[in-house]
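Quick heads-up: it's one chain on its own, the form predicted on its own, in structure tokens.
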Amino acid sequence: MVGLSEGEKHFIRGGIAQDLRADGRRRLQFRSVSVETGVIPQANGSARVRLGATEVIASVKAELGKPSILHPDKGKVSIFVDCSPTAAPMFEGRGSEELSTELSVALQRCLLGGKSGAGAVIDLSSLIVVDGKVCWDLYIDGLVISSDGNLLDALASAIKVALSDTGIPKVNVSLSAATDEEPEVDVSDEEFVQFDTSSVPVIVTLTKVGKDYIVDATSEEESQMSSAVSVSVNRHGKICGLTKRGGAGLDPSVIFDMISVAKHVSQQFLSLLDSEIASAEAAE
């Protein structure tokens, strides 16, 4: 919890009301973004994203597995988040576990359509090797290194960048005449297929402070919020998921307006992220 004096709280709320935040940004302006790819050599893909003073890492590990009975033509994706105890004082003890669970569930809801993956915006059919028998399982791990607000958006951005850095090994399959036998697979060490991230969205969280809402809130700004709505939007402007936190209720008309703003802002953020990804890949 961020400890602020009454004067500091009034300064933050007053600045947002006047569209001039404490760090000089407008209400719908993001902090500076920086991206690094390939930060974990052992992973199939990885990325570090800094959003102001918030810093996170995402890694993707691909392993061969068996499709579920309910979805024999799709691979599987799991998302787990861990918060380093040194990232913020509130992460010490059980606070870290609770936030890690909250972030993992929110990311699963916005990127996978829930634990089942039924509404996934990640193309799970591209992960199938042999229908009903062999698929790729993607294990996505997020790590919060430094926290200064807007963790969900930062983690979703890092996951998108890490997936763009992910190479799935090519697999040669030998099928036997007996259909009930397990196929033999040969995984290439040299040939990889780049993971398609064209449909993977970003998450834009609109944080309501007073009568106004802002994007990319800092920890101090989040301490003054009444509620927040996180919207996942892809580059085609499609709403892929939505989650809300905070105890205060929101009028449906306000939620619709926040979604509309999120759609508009997301395209600006996607362009910024694309530019950073291109720069990171050029630097490798």
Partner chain sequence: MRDLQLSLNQTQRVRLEAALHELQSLAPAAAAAAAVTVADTIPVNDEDNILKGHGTSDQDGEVVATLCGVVERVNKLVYVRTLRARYKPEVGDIIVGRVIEIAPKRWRLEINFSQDAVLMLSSMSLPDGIQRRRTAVDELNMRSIFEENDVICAEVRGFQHDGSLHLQARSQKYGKLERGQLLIVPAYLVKRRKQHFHHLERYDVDLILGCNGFIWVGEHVVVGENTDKTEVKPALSTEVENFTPLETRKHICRLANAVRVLSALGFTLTVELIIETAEASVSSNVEINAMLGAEFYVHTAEAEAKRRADLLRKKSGAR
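This structure is a prediction, so every number in the text was calculated from the model and none was measured. Residue numbers count along the first chain shown, from 1.
A second form of this protein, the form predicted in complex with the partner chain, is not displayed here; the remarks below concern that form.
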Quiz item: Looking at 143-151, 67-75, 196-204, 164-172, which lies within 4.5 angstroms of the partner chain in the predicted complex, counting heavy atoms?
Solution: 143-151
Exercise. Decide whether R50 counts as a contact residue for the partner chain in the predicted complex under a heavy atom distance cut-off of 4.5 Å.
Key: yes
Quiz item: Should Q29 be classed as touching the partner chain in the predicted complex when contacts are defined as heavy atoms within 4.5 Å?
Solution: yes
Quiz item: Does E222 reach the partner chain in the predicted complex if we count a contact as any heavy atom within 4.5 Å?
Solution: no
Quiz item: Does the partner chain get within 4.5 angstroms of any non-hydrogen atom of Q18 in the predicted complex?
Solution: yes
Quiz item: Who in 6-24 is close to the partner chain in the predicted complex, meaning a heavy atom within 4.5 Å?
Solution: E6, G7, E8, H10, F11, R13, G14, G15, A17, Q18, L20, R21, A22, D23, G24
